[in-house]
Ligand SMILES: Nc1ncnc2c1ncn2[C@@H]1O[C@H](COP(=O)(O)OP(=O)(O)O)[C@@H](O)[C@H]1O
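One chain comes next, on its own, written as structure tokens: the form predicted on its own.
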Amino acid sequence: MRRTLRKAKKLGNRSSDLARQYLAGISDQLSGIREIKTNALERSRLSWLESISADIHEEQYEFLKLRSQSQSAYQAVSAILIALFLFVFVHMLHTRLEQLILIVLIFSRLWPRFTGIQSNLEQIASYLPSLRSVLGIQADCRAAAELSFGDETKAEGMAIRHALECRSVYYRYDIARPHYALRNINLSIPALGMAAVVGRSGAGKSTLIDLLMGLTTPEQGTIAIDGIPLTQERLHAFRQSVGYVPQDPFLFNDTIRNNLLLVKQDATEDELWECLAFSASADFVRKLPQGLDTFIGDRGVRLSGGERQRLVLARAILRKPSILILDEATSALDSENELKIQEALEKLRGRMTLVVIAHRLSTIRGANQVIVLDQGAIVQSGSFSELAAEKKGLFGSLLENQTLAASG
């Protein structure tokens, strides 16, 4: 029994690993179908699918073979034991026939139970690795769970009157490693101003934005709103006051109207068109066949990249946030669409606090404050003109490189 259980457990580990690889690979192929087709990778991806399917088939075959072999072995052993049993009791112990029949009957009824127990143990052993994985995920989710304070959807937004601050903030993704994604971050973003966060790739810009939105909690230090630390009790109210426009815009497979109403279900028709006008989206929406009721496909595939980006900006504006955060929202757009986004942001200045992660430094000339990150630390902070004048600084170097690239 121990031998077959060890084999079943080994097969269970393999089954769990193969399932993880299969699901991850299928998800990657569906997400990267454009890259696969444009680079003519269909044959290599199909070969991968055939290979992992063969591995899964072999693993399932091995498990069925193990069960069949164990059942056959038990049946053979049971036949031998019954023969030995009869021989011992009849020829050696001279047992009476009626007693022998009773014992054989009891034995024949009990033996299938033992084989059933063994079969169930093998199946349980094969499922144990998957169970441990699920339990581990549950434990991680419980450890990362946020406190709940009633119906978060009804929480009122938090108006920011003075400033959003980071006070001696440290953060790392893996506490077992010494490397910090952010180190000793101290900054203050004034209300109704525009702050830009710049730096090389991997400097910690997106990590800082996640902290400012309350999506992650600092390992050390605090995030404060108007001087009051952001605690779990205030977290949902704070998120109601934050609008976010990511670099990769996400829209649901629904109408434009329903995509906008996600953030404010009771919004009126006038409010919808107002936010579309602010985001420079009203003109192209009016030209669509059904206007606001036009279906835009999975992730907004029926719209251009610039149109999707502007719709996501409109959705963020609709909830009338105190803080609007744009995470490199114009980096993938052409100059025309980038200009429209910039014009929309100019309309919003003075109405809400703007925090912009910028890849193209020319787009943040109007920022009141520019924060330069490098290797998780703030290395420069000031106005655009001040930092541009510091030729030896990182910002001056980044600006010069982009200017040379544009002119070349």
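Keep in mind that what you see is a predicted model, and the values were worked out from it rather than measured. The numbering used is simple: start at 1 and walk along the sequence shown. If you superpose the two forms and keep the largest set of C-alpha atoms that fall within 1.5 Å, you have the rigid core.
Separately, the form predicted in complex with the named molecule exists; it is not shown, and the next lines address it.
S.K.: Tell me, yes or no, whether F250 is in contact with the named molecule in the model of the complex, where a contact means a heavy atom of each within 4.5 Å.
M.R.: Judged by the heavy-atom cut-off of 4.5 Å, F250 is well away from the named molecule in the model of the complex.
S.K.: Evaluate G204 for contact with the named molecule in the model of the complex, applying a 4.5 angstroms cut-off between non-hydrogen atoms, and reply yes or no.
M.R.: Yes - in the model of the complex, heavy atoms of G204 and the named molecule come within 4.5 Å of each other.
S.K.: Contact between L311 and the named molecule in the model of the complex at 4.5 Å, heavy atoms?
M.R.: Taking the distances in the model of the complex, the answer for L311 is no, it never comes within 4.5 Å of the named molecule.
S.K.: May I ask you to check whether Y173 falls inside a 4.5 Å heavy atom distance of the named molecule in the model of the complex?
M.R.: Yes - in the model of the complex, heavy atoms of Y173 and the named molecule come within 4.5 Å of each other.
S.K.: Counting non-hydrogen atoms within 4.5 angstroms of the named molecule in the model of the complex, say which of L276, A316, I325, A181 makes the cut.
M.R.: Going through each option in turn, the one that passes is A181.
S.K.: Going by heavy atom distances of 4.5 angstroms or less, which of R234, R200, K320, K264 would be at the interface with the named molecule in the model of the complex?
M.R.: Result of the distance check: R200.
S.K.: Among 173-181, 130-138, 158-166, 84-92, which stretch sits within 4.5 Å of the named molecule in the model of the complex, heavy atoms only?
M.R.: Heavy atoms within 4.5 Å of the named molecule in the model of the complex occur in 173-181.
S.K.: Would the C-alpha of E62 be classed as shifted by 2 Å or more between this form and the one not shown after rigid-core alignment?
M.R.: No, shifts by less than 2 Å.
S.K.: Any chance the CA of K320 moves 2 angstroms or more between this form and the one not shown, core superposed?
M.R.: The answer is no, as the C-alpha of K320 shifts between this form and the one not shown by less than 2 Å after core alignment.
S.K.: Please state whether D374 has a C-alpha shift of 2 Å or more between this form and the one not shown, with the rigid core used for the fit.
M.R.: For D374, whose C-alpha is compared between this form and the one not shown after core superposition, the shift is 2 Å or more.
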